[in-house]
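As a starting point, one isolated chain is supplied in structure tokens, in the form predicted on its own.
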Amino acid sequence: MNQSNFSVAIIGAGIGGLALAVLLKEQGLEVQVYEQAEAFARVGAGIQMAPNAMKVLRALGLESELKTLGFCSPRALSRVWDSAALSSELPLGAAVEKQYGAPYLFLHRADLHTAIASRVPSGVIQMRHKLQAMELLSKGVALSFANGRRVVADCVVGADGVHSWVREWMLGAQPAQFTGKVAYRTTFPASLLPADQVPKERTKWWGPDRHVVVYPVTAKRDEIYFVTSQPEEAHWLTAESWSAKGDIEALKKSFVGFHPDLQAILHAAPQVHKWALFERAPLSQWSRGAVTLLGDACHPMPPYMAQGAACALEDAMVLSRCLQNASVQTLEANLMRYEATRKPRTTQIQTQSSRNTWLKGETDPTWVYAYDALSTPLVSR
């Protein structure tokens, strides 16, 4: 075997893990993705792909397809909760594409995930593989799964999300801190609203201690998404979850007094999911030997900048670049280069996102949207 043709095991088949699989397969590497779920579920969630994320999706060959699927809002608006007065307005549409070299799209998360998965070659994704043990060998890393399978890979990437098993193996248990806020979110057919009340733009409604973000997730604006954030007691929490069922009546009570335009949207939703918002401090390290982390596994962040999945896509691109000329002998150094390149940016975004002030007033988003993971300089260790 050519020493540069090493094998990579990716733990987790989320957006970042699948994007990395596509990029590494294009480089000719041996790649397997191990996912614990039995099947991919279509949970009612929207997702924003800013220009920095779209540049990676373009490299995956998905830009044209996603433009036909997603909603392109002409503006991102911030409104005062009760009066609907504008507190900020950010031009999107053609203006943002001209300025940053890529579009800004609003999509159903499942549509984006399906599009990326379609680029992964057959046989790469292994479902029903829950990782339960890992061991560094003199040559490679041994992985043991709950289904009894055992494999050895030269390199392991933990893309297994906010509950990352790989992160705990690397750094020990690090309980997240509950922020005191809970989000409710859902997608629902736009036909449940009168035609003149279907949103035409992405809007965030800012209250004194809570907010709601609303936007369509399809090009035809036939499916609407909203996500909230409001204070709520933590007694019901047993784990970090973003797919637990929520009480639609409790949601409505939380936003009594908000503008009628928003009330109409909240009252049209037939059901919602409930999502407790947790935070973790930036990690001290991302890598150990030939094992590294990607996406929420190493930099989970509140959703207030809509950059969680975007950062995972950036990670995938930068990591693939760092591995392009790697060999089994240089893997550790290449992974450290990836970490050194990515950590300052993700730490900055984590910190900014935690403040929940992004776009509340006039904001210059250039430092976020202009980033290009395809060409950003790779930092030496």
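Please read these numbers as outputs of a predicted model, since none were measured by experiment. One rule holds for the numbers: they count along the sequence shown, beginning at 1.
Only in words, not in the display: the form predicted together with a small molecule, which the text now covers.
In plain terms, the part of the chain that comes close to the small molecule in the model of the complex, with a heavy atom within 4.5 Å, is 158 to 166 out of 89 to 97, 134 to 142, 203 to 211, 158 to 166.
A heavy atom within 4.5 Å of the small molecule in the model of the complex is found for exactly one of Ser320, Gln48, Asn334, Thr346: Gln48.
In summary, among the residues Thr187, Gln307, Ser78, Ser73, the only one with a non-hydrogen atom within 4.5 Å of the small molecule in the model of the complex is Gln307. Using a 4.5 angstroms threshold between heavy atoms, Phe258 stays clear of the small molecule in the model of the complex. Within this chain, Glu339 is remote from the site of the small molecule in the model of the complex, having no heavy atom within 4.5 Å. Contact check for Arg119: no non-hydrogen atom falls within 4.5 Å of the small molecule in the model of the complex.
Interface membership of Ala312, defined by any non-hydrogen atom within 4.5 Å of the small molecule in the model of the complex, is confirmed.
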